[in-house]
Each structure stands twice: as structure tokens, then as C-alpha cells.
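The chain that follows stands alone, in the form predicted on its own, written as C-alpha cells.
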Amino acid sequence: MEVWDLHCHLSGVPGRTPDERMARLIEHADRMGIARLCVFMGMEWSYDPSPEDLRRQNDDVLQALSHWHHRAFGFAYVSPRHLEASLDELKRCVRDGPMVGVKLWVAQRCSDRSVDPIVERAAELKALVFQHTWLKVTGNLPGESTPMDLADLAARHPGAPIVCGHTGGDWEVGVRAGRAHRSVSVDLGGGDPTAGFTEMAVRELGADRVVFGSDAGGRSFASQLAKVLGAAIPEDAKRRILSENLKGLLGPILSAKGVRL
């Protein structure tokens, strides 16, 4: 089956430069039969990035993509705490650049309406929105979104395709939180390959709303592929999760950019 990975980072990968790290990611992707990668955030990241940090990290990804456009896509890392700078980055990296999505992390919970202008602009550009979510028994970071926060965001933007990163960490809660919002897909990346995760997501959401991601280099490609390849679900569902669903989510912006697959 063809495999597209929604969720990759330059951090956690050996290499002194973005080019070296991207080459290493591709090397390991080749070993595991992964055809395409989505990459976001730079070599060094922060929980609450400044406008300068955002630009630097996006520059890292742009450089990493420069020799690998046939294998990788980039998402622009932005923060609602710096709205104008973030909208500028969407213009630079998505509208006028090669990136195809938006990465939101932990600077501000996505239930806050300060996130709305970013999602609205992303929708105008046909860019896919990836929102990190987690639900921690030890307590979330101050601006870290839960899957319930993401459900609030999706309710305000029913037409915008949004991915619930990590399925909220606590995936039993995450699957249920996003179930009512048809524009929400869940990302399998990160966390251990626990039995039942993928099966529940398919049962509750349908196979069309589940997307493979690894969270490499924080996690291995192999352990994350096991969540799908070892799941007790039909082969057609595995095929959708491993590539077809992500192709569909990225299809509008790739078409608008004239990218042929």
C-alpha cells in the first residue's frame, strides 16, 4: 500500500542542517516504504514562539523541502499570539510559497477566538489545518489544546478541514470529542501503538476520517505504522488511512498550486 505521512518534524532527527535532517528522514522513510512526508516546525522549537522564531522555523522547513518537493510537503508554523506575523507567514509560505497546510501548537488553546482569523485565512487558501491536541493526567501546558478545545474550533468553522493531532493523546476521549464534526479528521501520530486505537477511530468516525501520521523524529516510522498495519480493520480501510484520506485533504490546495501527483 502507498503510505503518506501527515506528521513529521525536523527536530529529533540527526543532522547539523535542515538539509541533512531531511535527507535522514527520507532515508528512513524509504526503508519503511513511505512515499510522501508532511514536515512542520524547525530544528529548534519553543512553546511560545516569537514572530522571529516562527519565521526562522518556517525557513528551516522551506530549506528542507528545497531538494525534496517530489517527496515532501510543508506546513507553516504559526501562532495566534502573533496574529499579523502569522498571517504574513501564511502569505509568504502558503499563498506565495510551496507550503500546503498550517501547524498550530501550544501557544494558545484553539477554543480561543484569537485562532479564528488564522483558520479563516487557511480555508481561503485551501490549506489543511493541523492542531496539536493532548489531554494529560498531569495537566496540560498553559496554552495546550485538548480535543474538546478542537471541537469548539470546528463548531465555529464547519467548512474548514481540521486535523486533531495525536487524536488528543487520550484517544478514547479524542475520538468521541470530534465525532460530531464532519470536518475533523484524527491523526494517529505519536504515542504508543496501543491495540484498539485505530479500530475505535474507524468504528466511531469512519475510515475516511482517520489519517496516518508518525510524529517522526519524536517517534519511529515502524512503531506508528504498526497502529494501522496491525489493526483489525479491512484492507480498504488501511489503504484509506495510509494515503487516500490525506490525498483527499490536500487535493484542493495541490490542485490550486498545479501540483500533479
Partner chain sequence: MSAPIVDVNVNLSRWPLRRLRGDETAELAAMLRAAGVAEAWAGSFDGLLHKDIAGVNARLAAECRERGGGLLVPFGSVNPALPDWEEDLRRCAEEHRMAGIRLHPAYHGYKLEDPAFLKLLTLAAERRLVVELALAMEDERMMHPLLRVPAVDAAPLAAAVKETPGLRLVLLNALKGLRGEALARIVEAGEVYVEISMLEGAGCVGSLLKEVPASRVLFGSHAPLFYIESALLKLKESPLGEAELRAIREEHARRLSRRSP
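Positions refer to the first chain, counted from 1. Predicted model, so just to flag it, every value in this text is computed and none were measured.
What follows is about the form predicted together with the partner chain, which we do not show.
A heavy atom within 4.5 Å of the partner chain in the model of the complex is found for exactly one of 88, 152, 116, 172: 172.
Taken together, the three residues 51, 59 and 72 all stay farther than 4.5 Å from the partner chain in the model of the complex, as judged by their closest heavy atom. Stretch 194 to 202 is the answer when you ask which of 64 to 72, 38 to 46, 51 to 59, 194 to 202 has residues with heavy atoms within 4.5 Å of the partner chain in the model of the complex.
Among residues of the shown chain, residue 230 is one whose heavy atoms approach the partner chain to within 4.5 Å in the model of the complex. Among residues of the shown chain, residue 134 is one whose heavy atoms approach the partner chain to within 4.5 Å in the model of the complex.
When the partner chain is considered in the model of the complex, residue 225 lines it closely, a heavy atom lying within 4.5 Å. Although the partner is absent here, residue 206 lies well away from the partner chain in the model of the complex, with no heavy atom inside 4.5 Å.
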